[in-house]
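Each of two forms of one protein chain follows alone as structure tokens, named structure 1 and structure 2.
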Structure 1
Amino acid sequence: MQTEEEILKIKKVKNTAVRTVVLRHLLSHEKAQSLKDIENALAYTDRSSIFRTLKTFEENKVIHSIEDGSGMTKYAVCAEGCNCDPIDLHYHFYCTNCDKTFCLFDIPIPNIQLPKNFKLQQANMVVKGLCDNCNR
């Protein structure tokens, strides 16, 4: 697994203390994190700095955002080698019991044949049900 510093260097994002701590937090969690989750975990970090960091990460394809239907955007670190191109898009799983969202990196979104002159910029595929822990 790549370190925070390596990821930021590969994505050509300037390394700052806030960026390192936010990325470290995201890397340490199996599930996608909402802004609120990150703010609660990093209570001593300025809220606007966290938000700006997430936007910078998203613009530079360090992370991707997920609209899982919960009403809160969630964020997850992109897989190694991901450029957020259509070929990199994957499904997400939202647990309806615990509200956790997981990236299903091994299940790519199928290629969709769009009408002439249409361009795919983003796809959001969310499967809902019970996660392993809640299904026990």
Structure 2
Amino acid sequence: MQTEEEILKIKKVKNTAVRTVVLRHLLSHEKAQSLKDIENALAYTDRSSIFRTLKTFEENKVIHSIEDGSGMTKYAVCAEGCNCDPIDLHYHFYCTNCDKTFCLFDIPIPNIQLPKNFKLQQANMVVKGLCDNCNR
């Protein structure tokens, strides 16, 4: 497990107070976090600063975003070595009951044979249903 400083160094993103605390928040949560989630947790950091931090992180592949259909984009830290290329693709699970989303790193994504002349760049794969905690 890498520290915030290590990750930012590897991804060549300058370390600042806001970036450290935002990345720390993401690292310490198993579930993907929305801007609102982070804003609520970091009472003294401005929303727009968090927003711009997330943009910077995403541009530099520190994190990736997930559109889970909940209305709020969620963010998760990229796995070590992730470059946000098609090879790094993975499913996400969204629980329709508890509204939480997380990466399914362990389930393989098959090769997707696109029609002729199409070029795969990325994907947003969200599987929805009940998580183990809500499925009782």
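A quick note: this is a predicted structure, and the numbers were derived from the prediction, not measured. What we label the rigid core is the largest C-alpha set whose atoms superpose within 1.5 Å from one form to the other. Every residue number counts along structure 1's sequence, beginning with 1.
Taken from the form predicted alone is structure 1; the remaining one is not.
Once you line up the core between structure 1 and structure 2, the Cα of residue 109 ends up 2 Å or more from where it was.
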